[in-house]
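Given as structure tokens, the chain that follows is alone and in the form predicted alone.
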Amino acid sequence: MVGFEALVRATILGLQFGTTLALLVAGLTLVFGLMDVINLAHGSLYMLGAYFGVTLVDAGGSFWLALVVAPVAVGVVGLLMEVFTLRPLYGREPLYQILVTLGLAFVVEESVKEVWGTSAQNFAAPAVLAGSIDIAGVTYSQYQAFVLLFTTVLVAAIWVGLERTNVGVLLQATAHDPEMVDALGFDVSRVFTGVFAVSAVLAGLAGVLLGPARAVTPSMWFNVVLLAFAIIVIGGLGNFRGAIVASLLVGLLTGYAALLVPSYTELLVFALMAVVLLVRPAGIFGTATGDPG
């Protein structure tokens, strides 16, 4: 019999994991919704964020420095990826982009092995968040509470930015009619580059945030990219709202499954994806066309 305390802990851990997944999937969804690119290298950018975090913390820098610098460094890598490998492929068959981004993921993985080795690494949470707090009578890590709060605020800010700002209007207009946006004087290629770089920053940020809680390994990108694509399929390809809702659903499902049937956690996520596809092939919030809003 599962007790109330265990359920509360599983719920909070599931929400924390779900909001971090939302941060990771947000960038992936924006890239697909705006650029129609299936970026299989997204998981490798998440991995780079974690490794940059390890390096910065081990070199004597603080976790807070790593939280700022590592995502920016990953954003630069993402920008270079888009400019030199994806930009020449726009307008061609999607298969080319899939193969190129998959190849980039393996290139990044092998590069990580050469620089950091193959052994699992991690880094400690900041000392100021090393304690614990009580939520509904359940002891909970201060660091996990910070991650939950931080990612919730950041994802909400991105959502509001897409819905209520001129930048959000520009992105949605570019997704629907890039030719018209270009005719109005906006450089669509720069919009694509900016969105891809921001997507990389968000992936790197997720890597830093999960670094203290999970082993940092060269293969960590593979499982997370599978999970991320399952989420965007559940929510609806290219739909930001769907990605956020699906991230929370998957996070909670993961939390409860880890408590009740830990051996079937990943199986349940993909079973949920299969059920959604059978009932609603376009995803929960999916439409016929991609929409980042």
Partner chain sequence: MIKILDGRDASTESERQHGRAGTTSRGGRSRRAFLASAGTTAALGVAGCLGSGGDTVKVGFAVAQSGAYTLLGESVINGFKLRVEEELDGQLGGRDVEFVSQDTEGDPGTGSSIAQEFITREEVDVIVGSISGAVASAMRPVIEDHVDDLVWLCPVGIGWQWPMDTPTDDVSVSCTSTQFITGDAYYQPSAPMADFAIENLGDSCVLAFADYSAGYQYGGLFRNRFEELGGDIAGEVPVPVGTEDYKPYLQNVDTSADFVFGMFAGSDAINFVKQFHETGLHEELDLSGVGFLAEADALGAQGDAAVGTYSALPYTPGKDTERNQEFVEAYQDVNDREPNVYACTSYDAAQVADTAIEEVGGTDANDIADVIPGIEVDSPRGYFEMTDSMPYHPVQDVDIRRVVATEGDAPPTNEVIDTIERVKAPFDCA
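Take the two forms, superpose them, and find the largest set of C-alpha atoms that agree within 1.5 Å; that set is the rigid core. Note that this is a predicted model, so its numbers are computed, not measured. Positions refer to the first chain, counted from 1.
Beyond the structure shown, there is the form predicted together with its partner chain, which is absent from this document and is the topic of what follows.
S.K.: Looking at 189, 122, 85, 111 here, can you tell me which has any non-hydrogen atom within 4.5 angstroms of its partner chain in the model of the complex?
M.R.: It is 122 that has a heavy atom within 4.5 Å of the partner.
S.K.: Name the stretch: of 85 to 93, 156 to 164, 98 to 106, 137 to 145, exactly one has residues whose heavy atoms fall within 4.5 Å of its partner chain in the model of the complex.
M.R.: In short, 137 to 145.
S.K.: Would residue 214 count as a contact of its partner chain in the model of the complex, using a 4.5 angstroms cut-off between non-hydrogen atoms?
M.R.: Yes, residue 214 is a contact residue.
S.K.: Would residue 259 show up as a contact with its partner chain in the model of the complex if we use heavy atoms at 4.5 Å?
M.R.: Although its partner chain is absent here, residue 259 would touch it in the model of the complex, with heavy atoms inside 4.5 Å.
S.K.: Give a yes/no on whether residue 265 approaches its partner chain to within 4.5 Å in the model of the complex, heavy atoms considered.
M.R.: Taking the distances in the model of the complex, the answer for residue 265 is yes, it comes within 4.5 Å of its partner chain.
S.K.: Even though the partner isn't displayed, in the model of the complex is residue 240 close enough to its partner chain, meaning a heavy atom within 4.5 Å?
M.R.: Taking the distances in the model of the complex, the answer for residue 240 is no, it never comes within 4.5 Å of its partner chain.
S.K.: Is residue 256 among the residues whose Cα moves by 2 Å or more between this form and the one not shown after superposition of the rigid core?
M.R.: Yes, residue 256 moves 2 Å or more.
S.K.: Align on the rigid core first; then say whether the Cα of residue 265 has moved by at least 2 Å between this form and the one not shown.
M.R.: Yes, shifts by 2 Å or more.
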